[in-house]
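Starting off, we have a lone chain in the form predicted alone, written out as structure tokens.
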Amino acid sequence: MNELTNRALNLAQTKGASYADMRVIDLEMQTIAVKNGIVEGISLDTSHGFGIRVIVDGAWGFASSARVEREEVDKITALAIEIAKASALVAGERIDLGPPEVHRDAFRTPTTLDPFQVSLEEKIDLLLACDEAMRKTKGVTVAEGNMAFIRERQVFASTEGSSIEQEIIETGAGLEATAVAEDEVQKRSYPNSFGRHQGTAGYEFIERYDLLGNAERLGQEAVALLSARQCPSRVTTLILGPTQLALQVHESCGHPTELDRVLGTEASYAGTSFLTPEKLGGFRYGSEIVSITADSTLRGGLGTFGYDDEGVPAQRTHLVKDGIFVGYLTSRETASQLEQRSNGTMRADGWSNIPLIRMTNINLQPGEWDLDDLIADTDEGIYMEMNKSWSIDDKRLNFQFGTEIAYEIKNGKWGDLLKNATYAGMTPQFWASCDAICNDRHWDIWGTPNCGKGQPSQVAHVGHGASPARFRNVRVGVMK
């Protein structure tokens, strides 16, 4: 592999590239799905290829191929050069990557149990047992479960002298029980909604979340929601559970801090951002207890790695500190425009796409409260958990979210089960209303394996650390 990367980089330089890098990726993915007692699908997919980025005359060029061979490497390198030359004909600022990034290293996801060494039979047996447990409750119409395992081996090399090898392993699983009445549908998911929860870990990740021990409860809750009270419509105190808060962080904290959105180079697919450059360092994003970090070094996070796809080391940086907006997610190119150094957030969806600024693990830092104490301290309010729907505008300001399940809080105690719960707000005002965050005993990193961005569209795997938090004077329910 070193021979091929050296060949490509040398050829790029002889053809006029001031910079070039090459990524070679070998991907293996196993997925299993069961539904109502039947194995619905089993797949083992592989992908192998390379991508080359070059800068010629101050402009980018990129090309890729699934054929990792000498002749093809020469051809694709030449194509990337031609694309860069064509791009340079369009007037624009010349690319500046800032100081060189030179690293020679290797990284592998720490695992206890290699998920690809666990038998297919064991995985299927667990999913079928969970399926049966969910359907024990009369009224459960559909029970579903799935697992996913990914191994990605990557080689990165650049003309600056970097040579990096990485092996990233991901494990994920999810259950969902659906109950149907005459005029409505309710569902409950575990450990997270929209398919599954996922992290960089081995099969121990599956064991940690005790799928079978939670399966029957899902069926019971899905059926109970059919006859539960509707979420009331009013302004009240809101406590968000960790999985819902993770999505709140994703949509209203992670995306608006992506610097390419701020600078307008990512706009059509997912919009821009209200966090314009003059706000950096002085804008009040939330209350004083709100601190948000981007941390790709956290063990187990879905946004955890050794180096990003520009060869920048994984690191921990603040985006919001004590309520003040202090940092963006950056690439080498965008960071240099702010006279900063990249915080390592450039990642691509496989070998065939160019890297984009993507979230890593974007985390709301834990506070000091125990959940029981937080409930006891709340005279009146609603607790909501597990996302069901979301909507947020192009600048990431106005939002509305719905959750699978909610509970009324009265006089510091858990109250009635509520269904079809929703809440709405505006990002800075919402985070400014946060007056309590639970401690690290309630804190976990929740994986989002379906974050879309870019044209052509790319899917990224990102993580969000959160514990339950309280927000005052929030609009809940459908306001008339």
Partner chain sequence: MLGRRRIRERIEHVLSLSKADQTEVVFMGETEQLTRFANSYIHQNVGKEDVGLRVRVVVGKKIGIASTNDLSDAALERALESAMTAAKFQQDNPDFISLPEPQSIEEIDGFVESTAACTPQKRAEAVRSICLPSREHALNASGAFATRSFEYGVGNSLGVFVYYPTTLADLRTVIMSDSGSGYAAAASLDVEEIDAESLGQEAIDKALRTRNPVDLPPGDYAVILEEYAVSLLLTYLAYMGFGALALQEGRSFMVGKLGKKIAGENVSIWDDGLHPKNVPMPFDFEGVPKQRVDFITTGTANAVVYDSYTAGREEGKNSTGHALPPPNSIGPFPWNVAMDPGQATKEEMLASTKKGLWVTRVHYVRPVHPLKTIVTGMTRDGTFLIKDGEFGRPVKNLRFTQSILEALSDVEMIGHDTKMGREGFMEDFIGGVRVPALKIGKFTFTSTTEF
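Positions refer to the first chain, counted from 1. Bear in mind that the values here come from a model prediction, so they are computed numbers and not experimental data.
The same protein also has a form predicted in complex with the partner chain, omitted here; what follows describes it.
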| property | result |
| --- | --- |
| Contact flag, V478 vs the partner chain in the model of the complex, heavy atom cut 4.5 Å | yes |
| Non-hydrogen atom contact Y269 with the partner chain in the model of the complex at 4.5 angstroms | yes |
| Partner proximity in the model of the complex: S352 to the partner chain, non-hydrogen atom cutoff 4.5 Å | yes |
| Partner contact for G264 in the model of the complex: the partner chain, 4.5 angstroms, heavy atom | yes |
| Partner-facing stretch of 137 to 145, 287 to 295, 163 to 171, 366 to 374, counted where any non-hydrogen atom is within 4.5 angstroms of the partner chain in the model of the complex | 137 to 145 |
| Output flag, Y19, R108 and L280 jointly within 4.5 Å of the partner chain in the model of the complex, heavy atom basis | no |
| Listed residue (E380, D394, D96, D74) with a non-hydrogen atom within 4.5 angstroms of the partner chain in the model of the complex | D394 |
| Residue among D210, E82, D322, D114 with a heavy atom within 4.5 Å of the partner chain in the model of the complex | E82 |
| Partner contacts in the model of the complex for 11 to 44 (non-hydrogen atom within 4.5 angstroms of the partner chain) | K35, G37, I38, V39, E40, G41, I42, S43, L44 |
